[in-house]
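Just one chain follows, in the form predicted alone, and it is written as C-alpha cells.
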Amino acid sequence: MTSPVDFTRFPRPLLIGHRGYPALYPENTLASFRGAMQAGCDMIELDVTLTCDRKVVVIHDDRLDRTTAGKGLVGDRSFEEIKKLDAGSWFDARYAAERVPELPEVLKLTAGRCMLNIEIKTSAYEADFPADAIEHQVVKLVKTSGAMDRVIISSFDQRILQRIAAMDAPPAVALISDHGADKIILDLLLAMQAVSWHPRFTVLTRDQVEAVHAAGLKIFPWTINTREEAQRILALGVDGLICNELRVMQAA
C-alpha cells in the first residue's frame, strides 16, 4: 500500500511538537498547537479518547485531574461537561480560558499549516468494535476534513492499528513502542503496512534504525528534551524528533 502522506516534501528531519508545545503552553490545547505552529513545527503529536457521549476529545490522560479543573475519568463525562472545564490554569493562570478540544477543532486549526500525529489511547479500545468506535470516528474525521495527506494515526495498541489498516483506503498508521525494533515489532509494522515506527528514544540503536529503514519505514522517536539528546538521536539517522521543547531540534 502506498502511503497517503508524502514525506518527500521534507528534506530535513521533521520537527514534531509533543502535545503541541508543552514547554511553553498547556499541553493538548489549541494554545499549545498554535504555539507549536508559530515555532515552525512540521507535525503536531496529540492524544485522543472518547467521552461518555462518544465525542473524540484531545487529552492525554484517562483522568481529567492533572490537566483540567475537573476530576474523574474522561470516559465518565459528556463533552458538554468537559468543555466547560478550565484546561489551562494548571500550567499558568494566563491560560484559564483554554478548554479540552474536540478533534475536529484541531483538524480545522492546523489545515494547510502542519501535519498531525493522532495517537489513539489504548484505553479507548473496545472489544466489540461498535459502529462509532474511536477508530471509525477518527478515520472518518480525517477523510471528511481532507487531511489524509497530512495525518498519521498512531497507538501503542496494535489492535487499534490493525483495525484501521484493514479499512478501505485507510490513513497512514504508526506503531508506538517502549522497546526496540525486534523481529516481532518489524513483523507487526510490515503486516499493518505502517508508514513509521515511534519508539522511546532511549531504546534506539543504529542497527535498529538501519533495519527499520531497510523495511521502508520512517522513525520518529519520543520524547526529546535536551539539545544533547537531540544531537545524539539525529546522529543515528532518524527522520524526525518528537520534542517538548521545539527549540531543541532547531538548535541541534
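Don't overthink the numbering: it's just position in the shown sequence, from 1. In this text the structure is predicted, and so the values were computed from the model without any measurement.
Keep in mind the form predicted together with ligand G3P is missing from the figure; the text below concerns it.
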TODO: Considering ligand G3P in the predicted bound form, find the one stretch among 29 to 37, 179 to 187, 201 to 209, 42 to 50 with heavy atoms no farther than 4.5 Å from it.
DONE: 42 to 50
Task: Selected contact from 213, 55, 227, 60, since only one has a non-hydrogen atom within 4.5 angstroms of ligand G3P in the predicted bound form - done: 60
Task: Answer option from 136, 99, 143, 121, heavy atom within 4.5 Å of ligand G3P in the predicted bound form - done: 121
Task: Any non-hydrogen atom of residue 156 within 4.5 angstroms of ligand G3P in the predicted bound form - done: yes
TODO: Between 7 to 39 and ligand G3P in the predicted bound form, list the residues on our side with a heavy atom within 4.5 Å.
DONE: 18, 19
